[in-house]
Each structure stands twice: as C-alpha cells, then as structure tokens.
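Read the single chain below, which is given as structure tokens and is the form predicted alone.
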Amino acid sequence: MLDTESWSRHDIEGLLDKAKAYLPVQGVRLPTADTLMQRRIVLAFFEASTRTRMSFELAAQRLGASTFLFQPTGSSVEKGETLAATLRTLQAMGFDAIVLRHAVDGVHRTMAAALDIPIINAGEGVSAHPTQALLDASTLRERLGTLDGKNICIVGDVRHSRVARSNVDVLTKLGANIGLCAPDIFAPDDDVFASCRRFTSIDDAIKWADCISLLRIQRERITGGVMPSIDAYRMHYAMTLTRALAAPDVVIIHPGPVNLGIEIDTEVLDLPQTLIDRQVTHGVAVRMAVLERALL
C-alpha cells in the first residue's frame, strides 16, 4: 500500500465497500474480526501523528493482530543506522508488516523494494497520504451517496499537502470535480493539480462546492515566501461560522489537526455539515480494510 496511483475506481470502491462493513451503526462500537490473528505489525512513525498512528493501531487490534510501536528516538537510527537496515532488522525479527510514516518523498517505494513484507504508507513527505484520501472518500460517500459529479474544493496550504495530492487522485477516480483555493504561497504548481479548477477566495469556492476540504497551514514544511497574516488568511480562506451557516448544504471536512481560529472557527465543528469527527471514525474502518488487503 504505497499509493493509489495504480488503483482503478473498481479497486477503490471495493476497499471502501469492505470498510463500510467495519463502520459502527447508531453508536454501536466498531465491529471486530479475527482475520489477522497471530499477525504482528510494526508502527514506525518518523513524524508526529495522533489520528493516523492510533487508528492504524486500533484497526490492527480489531482484526486480531498485535501492534508494536517503533520509536526512532532512542533507536539505532540515532546511532547512524540506515532506515533500510532498521526495517530489514524488523523483518528478520518476524514482523509481518510495517506501517511507515516518513518525511522523505519516495521512501516507501524504496523500502518496499528492499523488503519481503508489506510496507503501508501512513504519510510520505508532501507526495502521498493514501489512507487519508480513502477515508475522506468513505466519509463523503456516506454523506453524499455518490461522488459522481460532486464538486469538492480543497482550501488552504495545498502546495505542502500530501493529503491534497492523494485526494485529487482518489476523488477524481470516483467521479468528483476538484477545485483549489489557496493564496499564492500555498498554491501548487505541479502536474497533479493541472486539471483542478482554481478559486481566489473561499466565498467563490463555497458557491461552487458540495464539499469544502480544509487544510491547515503546514509551517513545518514551509521554507520560503512571505506568510500571510492570520487576519488576511481568514478574510479570504477561513471557514468562519458566518460562511458555514450561510451554506448549510456544503459539507466540511478536514484531515486534522485543526488550527482553530485560523482555517476554521471553533463553532463550526459542532454544525451538522461538519464531518471531521466522522472522518476519524471512517479512518479506523478504512485502515482495517487496508490491513486486510495487505496481509491476506
């Protein structure tokens, strides 16, 4: 599970249909299974994470697998051991799969070529976050029924977003039209976004969109350019309470973590059109389906 670029619509829908069976109904806890009993999965996160890491851990455990957290701090990586050597060591110990998050683009494919066990991409640099795109699609399918012909606008720091790149791939394959809305410093210039419609303000995007997908400003990945002030950013790109209330049929999603008061108002989180908490629920179900696909 390195990316979704080679996946067809049929592949994506098949996985989302599988994930649907693992969603809780009317507050009932997520279903469990024993399909991955006796499997041992390493969670190797070289970048900070809450939602992705813990949902993979819960997903694995709900399928009967054992999880083991690899922490780079205090490991042989700090002594100069290469990533490939570290992962080969984990393979030699008898682990069955590695869920990996890393800041270097292309690292997952390189590691997969060096190992005989599955590598699952839990976020890579600025290029890919496939399970986030899949859970976003799962959440939107549940609310909208189908993504065919739906207009989804990604708003915020698109240039530095791996989520945005994977979402363009997955959501387009499912029939959606994708728009982008970002200040110049956050506007992408790579071919992945060539077919996306462009908007200069969130107000224009809301008039067009069935869904607004908000992104945080990823300060840790910004190396140059003049950052907009918070006031200027909110004026043109924030989902304020006033904007959300004026467009109650426009669904709002966000991969998290949320920067309250910058890209979204606190009060918007509690509106019926906001699906951020539901995305987290779908994340566990989708990652259950991903782990099964990788290990069965």
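Numbers for residues come from their place in the sequence shown, where the first is 1. Keep in mind that this is a model prediction, so the values were computed, not measured.
This protein has a second form, the form predicted in complex with ligand CP, left out of what is shown; the following refers to that one.
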Check your understanding: Just to confirm, Gln132 within 4.5 Å of ligand CP in the predicted complex by heavy atoms?
Key -> yes
Check your understanding: Is Arg165 one of the residues lying within 4.5 Å of ligand CP in the predicted complex, judged by heavy atom distances?
Key -> no
Review point. Going by a heavy atom distance of 4.5 Å, is Arg40 a contact of ligand CP in the predicted complex?
Key: no
**Study point:** 4.5 angstroms heavy atom contact with ligand CP in the predicted complex for Gly256
**Key:** yes
Check your understanding: Of the listed stretches (243-251, 41-49, 57-65, 263-271), which one has a non-hydrogen atom within 4.5 Å of ligand CP in the predicted complex?
Key -> 41-49
Review point. Is any part of 101-117 within 4.5 angstroms of ligand CP in the predicted complex by a non-hydrogen atom, and which residues would that be?
Key: Arg101
